[in-house]
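Next up is one chain by itself, shown in structure tokens, the form predicted alone.
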């Protein structure tokens, strides 16, 4: 009868609904499960021999991790608002039926009861999984550390749409509910119980038995809010003096944190506020109304597509050659134990691989291993890692200066100094000892892979794997095949990135690859603004308000002006007469060679970094770059900072540096922090309209220069009235 639910009734008349979504490693709400779950609820409610039910998971991976966002993503259809609302309300309706037994709220208030449903939560319960548990009358939870609860919907532009914004404040109070629903961060079972959102924490193997005990002892029940006179813990409504400051403060804080870029946060506040004034059934109807409004917006569709659907596809090896069987990568060699090599060694060992970390001498290699020790010590101090697990992980990193120790590795990743001569030396020494089919990958960020592969005796097995710093935190990895790279190195690179749980994109072998080809024009534009006399605080604040994680001047300090100057010099040497000046050459020369302000690590750049204090803009900056008397508006600055990135992305796409809109968007958001609320630059261009993008870029080009001119491909799309995602 059921394909996705194991339905069983024991001798006491208690049904067990063990969710086991067919063909999936994790349970999620999809159309098939929703339909079957309602049928199972109807069976429990309609069978007099069944006294109640326990809802649990038959999977070891978790309880239920929310909705399958693929069914919410844009399928090309345009449903009416009424149809979209009906679909959005469906799960709310089913969970409310389970909660009330299908009875009217008035009947319950007058004293009627319903059959009990208890949740036996044996793993991760996020989003719609958490909402399912909250809709049950009792919640028994495993003591496993893997159990987490939360509402991550806000991270893709949505809100908890199956009663989460209504049951949570009725159990935990409004302040706790607002924090849970707007932050998207998960919490453990202990914190969940402290907030009254679950009832019992029991040994892992006893969750179903304990839930059945409760059902047997409580054959007649109802939700607290279906009792006459129910009150929210801590206050409710528009005028309650206990919660008026909470709502006022939450609204202000939400806009401070989101800079008005995420409507989902505002709508969550509206759901909780309005829901605290009206009856429960009206409240969940309001919740579905706000959910529908978000779901039908281009912004949310863009975020779902990029941050969930396309991200998952990339991480599952969408670009992997099918001709190459899955590779068994158990041991890797990392050449160079500097910051990048040390970070690569850490993420590889953390994922279970053995690592040979090689540097010019044992002491240098050990210094690189210290990076892993420090990160592990931090994890131990925060209770996230045991000393035993730390020692086991560190034992996987073997430090050495002897190339013979690389003889049995499955993959090489080179991360030595950005000097072609140094790289040539390590390539030749390494290839002399490794197996003939072992892939050699370079982590270079500036040197074309094809030119490095000329130093290899096997260029068909050579590829680029470009990490971002710091490796342990940055999620994106660019994979760069050279002109002679075959399918094997591409498969090996994607398999490795999959093992360390990063997000890969495959890009062309060109100077700067994709991310740096956009970041550099972005940083340059900010520096040009400084030269023009635009207030540096205005520049960085506008970028942050636009949705960037930090301002471009602060980012310049992080990457270092010294590196910027070195990249510029390298480009001048390689391109010769073909080099196109950016207008920032003199500024970089001044900062590095005249002022000695080479970036954050060397003491300061655009900002000062006092020890033990907060960073602040360098007070002397205005002496070297006098401010304009009439400053541009924030809107002008934002537009310029946005379009210098959009145009750079458009040029990369038109030149096939990045091959598809999905990779362009993933690379932008996870590579340099392009505003996530847009869904990425290509999504944003589609949303504002390619014609509007071309028109604005042309206006900026006329005012500021050809660097803003859009490529011909985008002009053609604009004339045809087409979108890039539809074509892709």
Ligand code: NAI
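The structure displayed is predicted, hence computed values, not measured ones. Residue numbers count along the first chain shown, from 1.
What comes next is about the form predicted in complex with the ligand, which does not appear here.
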Is every one of 523, 674 and 714 within 4.5 Å of the ligand in the predicted bound form, counting heavy atoms?
-> no
Assert contact residue (the ligand, in the predicted bound form, non-hydrogen atom within 4.5 Å, options 541, 622, 469, 572) equals 469
Which residue among 153, 131, 557, 359 has a heavy atom within 4.5 angstroms of the ligand in the predicted bound form?
-> 359
Proximity to the ligand in the predicted bound form (heavy atom, within 4.5 Å), stretch among 332-340, 279-287, 299-307, 481-489 | 332-340
Using the partner position in the predicted bound form, report whether residue 247 sits within 4.5 Å of the ligand, counting heavy atoms only.
-> no
Taking the shortest heavy atom distance, is residue 431 within 4.5 Å of the ligand in the predicted bound form?
-> no
For residue 476, is any heavy atom within 4.5 Å of the ligand in the predicted bound form, or not?
-> no
May I ask you to state whether residue 225 is within 4.5 Å of the ligand in the predicted bound form, using heavy atom distances?
-> no
Taking the ligand in the predicted bound form, which residues of 406-443 have any heavy atom within 4.5 Å of it?
-> 415, 416, 417, 418, 422, 423, 425, 426, 443
